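Here we start with a single chain on its own, the form predicted alone, put down as structure tokens.
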């Protein structure tokens, strides 16, 4: 390896994130590997919504929606608030929208 290539190699090696961060990033992107979860995120683009209404929109059971929302909540992609017995979900922050929009833009190129 020439000295220039060695410098480039060491620079690339130093720029690589650590394994724990790469693992966490890979786990985050796995969450987007389910169409029901993607649909739920698209629904939440419009604002907060309760499980019952999301289930009706997707024509699936409330249990199925709750299961997917639990996964999204565990990945900090959605948040919730309780009003009496009803739980309302919303996107955790605008980064979630940006991730989806960036992916959509990429596949539409």
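All values reported here derive from a predicted model rather than from experimental measurement. Numbering follows the first chain given and starts at 1.
One more form of this protein should be noted, the form predicted together with the DNA, which is absent from this view; the next part is about it.
No residue in the set 28, 44 and 79 has a non-hydrogen atom no more than 4.5 Å from the DNA in the model of the complex. Within 4.5 Å of some heavy atom of the DNA in the model of the complex lies at least one heavy atom of residue 86. Using a 4.5 angstroms limit between non-hydrogen atoms, residue 71 touches the DNA in the model of the complex. Although the partner is absent here, residue 34 lies within 4.5 Å of the DNA in the model of the complex, judged by heavy atoms. Among heavy atoms of residue 38, none comes within 4.5 Å of the DNA in the model of the complex. Along 43-59, residues 50, 51, 52 each place a heavy atom within 4.5 Å of the DNA in the model of the complex.
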